[in-house]
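A single chain, nothing else alongside it, follows as structure tokens in the form predicted alone.
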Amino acid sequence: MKESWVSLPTIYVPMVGVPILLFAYTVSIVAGFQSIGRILLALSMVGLFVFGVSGFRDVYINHWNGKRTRLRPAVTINKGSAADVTLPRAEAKIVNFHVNRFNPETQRLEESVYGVETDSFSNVLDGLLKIKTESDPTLSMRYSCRMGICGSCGMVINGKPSLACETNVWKNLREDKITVAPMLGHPLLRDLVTDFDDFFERHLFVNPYLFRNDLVEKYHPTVQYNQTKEELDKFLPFSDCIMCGLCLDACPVVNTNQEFIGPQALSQAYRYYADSRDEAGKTRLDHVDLLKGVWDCEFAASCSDVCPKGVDPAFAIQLLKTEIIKNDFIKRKESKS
């Protein structure tokens, strides 16, 4: 395949030479050498003309001929053939995966070590699937989309709750190894698979849907519910939750107090409270104004630190606390009056 790039001499010689000639022309005029100055000025005009012609030739003519114009060669792609794209891949190397698996006989986590061939693009889920297909078919993990959308492959990687499909192996090596363990903030089923029944019960506790009083319009809609950009900005940052459960596993309160509703559910409570289309209003605040609700949060912010989608549950809980206190002040003021 042929490459096309701008001819360097025809571009850089005039580009560098013309300013030098103009500078020499200025010096000659100031020094009183008028004739030499005229010659230098004429040469600079010729250089500008050459620069313009070469630029027109290399850019426009090559463009009309279907060629790609650039100063240096880039990745070569044959038209209509994605298989011919050559991407730079580093040489493969063996990485030890230390997988903590639950042993039902001893009721403990036991470490299994697997050597896995990886490259610079491999993520942890790739390595685990390679173990399952090539080394140990009994290894169990949960996964689905493999692109950070479903949240199914949540686990603890090198001590931090993470999505396996978004964790690059080489960038997270510790002493040339990767340590993988199940999330302990949820009941353990098998190996790296945890039970999410309790997680979804917490989620449903905050009624994660819109309440509307206009029932006729709700079930027989005729128009859309309009929102301004300001109204959208109030809840949109908290609407990206993919329910991966990483925030619950990272939360120190959830891991010591199972009664705590947890950061995921509370962040969604604020998401719907802040939505201008919702008409539940103060009822939502009363629903989470509990010791096991917002007041059990110690603001460790570890939930926000591990969220793969940038949702800030810790901030959402503090906003809920603020709204509850404001609502309480209004109630007291109304009762006194």
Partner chain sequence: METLDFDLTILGSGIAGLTAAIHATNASKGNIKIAIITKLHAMRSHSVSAEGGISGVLYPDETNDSTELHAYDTIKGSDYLADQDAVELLVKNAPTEVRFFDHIGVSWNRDDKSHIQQRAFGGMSIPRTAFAADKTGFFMMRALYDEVSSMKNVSIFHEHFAYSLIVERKKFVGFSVIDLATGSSSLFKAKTAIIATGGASRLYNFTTTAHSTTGDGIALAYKAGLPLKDMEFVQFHPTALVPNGILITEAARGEGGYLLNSKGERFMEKYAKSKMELAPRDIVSRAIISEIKAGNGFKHEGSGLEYINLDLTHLGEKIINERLPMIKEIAQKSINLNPVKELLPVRPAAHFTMGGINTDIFGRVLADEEKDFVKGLWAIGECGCVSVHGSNRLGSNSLSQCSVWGRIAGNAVAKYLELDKSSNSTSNELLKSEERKILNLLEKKGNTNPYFIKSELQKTMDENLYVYRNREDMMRARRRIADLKEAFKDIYIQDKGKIFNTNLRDVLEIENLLELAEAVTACAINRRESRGAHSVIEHPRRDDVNWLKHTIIYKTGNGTGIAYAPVRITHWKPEPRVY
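Numbering follows the first chain given and starts at 1. Bear in mind the structure is a predicted one, so any value in this text is a computation, not a measurement. If you superpose the two forms and keep the largest set of C-alpha atoms that fall within 1.5 Å, you have the rigid core.
Same protein, other form: the form predicted in complex with its partner chain, not shown, and the subject of what follows.
*Asks:* With heavy atoms only and a cut-off of 4.5 Å, decide whether Phe97 touches its partner chain in the model of the complex.
*Replies:* No - in the model of the complex, heavy atoms of Phe97 and its partner chain never come within 4.5 Å of each other.
*Asks:* Report whether the minimum heavy atom distance between Tyr273 and its partner chain in the model of the complex is within 4.5 Å.
*Replies:* Looking in the model of the complex, residue contacts with its partner chain do not include Tyr273, since no heavy atom lies within 4.5 Å.
*Asks:* Using 4.5 Å between non-hydrogen atoms, is Lys309 touching its partner chain in the model of the complex?
*Replies:* Although its partner chain is absent here, Lys309 would touch it in the model of the complex, with heavy atoms inside 4.5 Å.
*Asks:* Taking heavy atoms only, is Gly115 within 4.5 angstroms of its partner chain in the model of the complex?
*Replies:* Judged by the heavy-atom cut-off of 4.5 Å, Gly115 is well away from its partner chain in the model of the complex.
*Asks:* Out of 162-192, which residues reach within 4.5 Å of its partner chain in the model of the complex, heavy atoms considered?
*Replies:* Contacts from 162-192: Glu166, Lys171, Leu189, Arg190.
*Asks:* Comparing between the shown form and the other one on the rigid core: C-alpha of Pro104 shifted by 2 Å or more?
*Replies:* Superposed on the core, Pro104 moves its C-alpha 2 Å or more between the shown form and the other one.
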